[in-house]
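The chain below stands alone, shown as structure tokens; this is the form predicted alone.
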């Protein structure tokens, strides 16, 4: 599907064939098709419209924001109390889409961390992070209630290269629960990929409750 989108065969706003047609086209199970569509929709490649179907997402406008920081440091600098709840910390097999982000072969494993960052007890960020085990073999041995994954990885690679994207997303039931969102409250998602010259180190998605979070930057002379 990515090949067809990238080649222009399926242009922006093109309606994706039904799951049954995709099963016949690619010779795979319905579960495989459903999982692929869900992952592509999550990554912003596809857009699902209730009652109409699934479409190739239109290109998004973007601007560059360059500063990245440790959530714990940010919270403490505001004079607030920081805490972290670890929801998931495990090694698992990566999906095809996940491994493609790391340029890793099929069947490779990734470290997976899900953590909720709290400011004065209130959840302000959900971190969903994948890490290349070759870049940080001791990652899962860390106590992420006392040190953040950001601080640990930056200590290993202080000046990595990277790319990040900020987008508004509709909160899933899981996000509503973990971030204590009000009904209808939107979410901000920051997706960040960082790498060193020889490998991709980590891909992280940070979800923030829009009513309790804002992005602030500075304008400085060159």
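The structure displayed is predicted, hence computed values, not measured ones. Positions refer to the first chain, counted from 1. Only the largest set of C-alpha atoms that superpose within 1.5 Å between the two forms is called the rigid core.
Only in words, not in the display: the form predicted together with the DNA, which the text now covers.
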With the partner left out of view, is residue 197 within 4.5 angstroms of the DNA in the model of the complex by any non-hydrogen atom?
no
Using a 4.5 angstroms cut-off on non-hydrogen atoms, would residue 32 count as touching the DNA in the model of the complex?
yes
With the partner left out of view, is residue 18 within 4.5 angstroms of the DNA in the model of the complex by any non-hydrogen atom?
yes
Even though the partner isn't displayed, in the model of the complex is residue 54 close enough to the DNA, meaning a heavy atom within 4.5 Å?
yes
Of the options 184, 158, 59, 27, which one has a non-hydrogen atom that comes within 4.5 Å of the DNA in the model of the complex?
27
Name the residue from 48, 174, 163, 167 that puts a heavy atom within 4.5 Å of the DNA in the model of the complex.
48
Core-aligned, is the CA shift for residue 24 between the shown form and the other one 2 angstroms or more?
yes
Relative to the superposed rigid core, does the CA atom of residue 199 travel 2 Å or more between the shown form and the other one?
no
Once the two forms are fit on the core, has residue 153 moved its CA by at least 2 Å between the shown form and the other one?
no
